[in-house]
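Below, in structure tokens: the form predicted on its own, a single chain.
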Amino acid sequence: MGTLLLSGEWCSGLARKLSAQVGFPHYALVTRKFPDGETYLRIPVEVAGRDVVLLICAGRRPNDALIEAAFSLATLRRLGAKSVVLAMPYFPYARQDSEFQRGEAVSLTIVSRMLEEFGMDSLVTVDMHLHRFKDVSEVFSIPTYNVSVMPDLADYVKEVCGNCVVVAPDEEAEQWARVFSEKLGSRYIVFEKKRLGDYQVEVRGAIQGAERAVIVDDIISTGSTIASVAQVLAESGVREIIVACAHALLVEGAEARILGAGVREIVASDTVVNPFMKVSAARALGEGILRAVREVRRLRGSGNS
């Protein structure tokens, strides 16, 4: 029996593209809310003895998505699924990866362990936000595939802004700026950022002799960092500014904040449903899923799974 693709809420568009990419039949989970806010979930297809890919979209709904993932993983195991690969394009709670103040919950560790306990065999995610870890394998004890949509975003930007200077808003984003720089054949610069609060940042950087620039980052949440960098670029004489990101969360006025700072265009992927989905993560996600499924089967065949 072949592999199935199951998808949760807010995943329909990406799931259809992914199904075509990997060739797995797709079924949507049946979910709804009880009057008290609790989640109802049902697996709509027979899964006993089958390998399953579970697609959960967590952008702008991290808590609901984690419940959806936990209920699905536990139920798939109870129903006899042979293996479960969890595909979570945007991995939530990754930013809190350390205890900065005594008593804080280290959310990345908690969430990763929770999902492992519910029985996933492997995880596929897209451009996971890693700050104090060099690789996603340091976070999980199961096989994990952190694929990237950045090359796809860079290809799109190359068509609309081929000679743009690439700007990373901070050191963490330099890895993405490097990808764009190589694709566009242009130089990149890295700004310095000091976060003063959820909506306040202080950025420092300089750019000279450039009329067009693209700001690159993995996640845009409030848009405060992007807007601050865009203002510096505009004041430096940059006439055309594009922003590219993998995960466009765009919460609480972020869109207006960014465009109000002089940004001409926002380019994002479909890992999170947003108005600026110019590029799909289906290619990268599909490649990671196929690798994960092959590895699960290999380990099972060798008697280690």
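As the structure is a computational prediction, the values presented were derived from the model and not from experiment. All residue numbers refer to positions in the sequence shown, first residue = 1.
Only in words, not in the display: the form predicted in complex with a small molecule, which the text now covers.
K.L.:
Among 116, 152, 170, 97, which has any heavy atom within 4.5 Å of the small molecule in the model of the complex?
P.N.:
Exactly one residue meets the criterion: 170.
K.L.:
Could you spot which one of 181, 122, 112, 224 gets a heavy atom to within 4.5 Å of the small molecule in the model of the complex?
P.N.:
By the 4.5 Å heavy-atom cutoff, the listed residue in contact is 224.
K.L.:
Would residue 195 count as touching the small molecule in the model of the complex under a 4.5 Å heavy atom rule?
P.N.:
Yes, contact at 4.5 Å.
K.L.:
Within 4.5 Å, heavy atoms only: does residue 108 come near the small molecule in the model of the complex?
P.N.:
So residue 108 does not count as contacting the small molecule.
K.L.:
So, in the model of the complex, is residue 220 in contact with the small molecule at a 4.5 angstroms heavy atom limit?
P.N.:
Close contact exists here: in the model of the complex, residue 220 approaches the small molecule to within 4.5 Å, heavy atoms only.
K.L.:
Where, among 136-144, 98-106, 155-163, 212-220, do residues come within 4.5 Å of the small molecule in the model of the complex by heavy atom distance?
P.N.:
Result of the contact check: 212-220.
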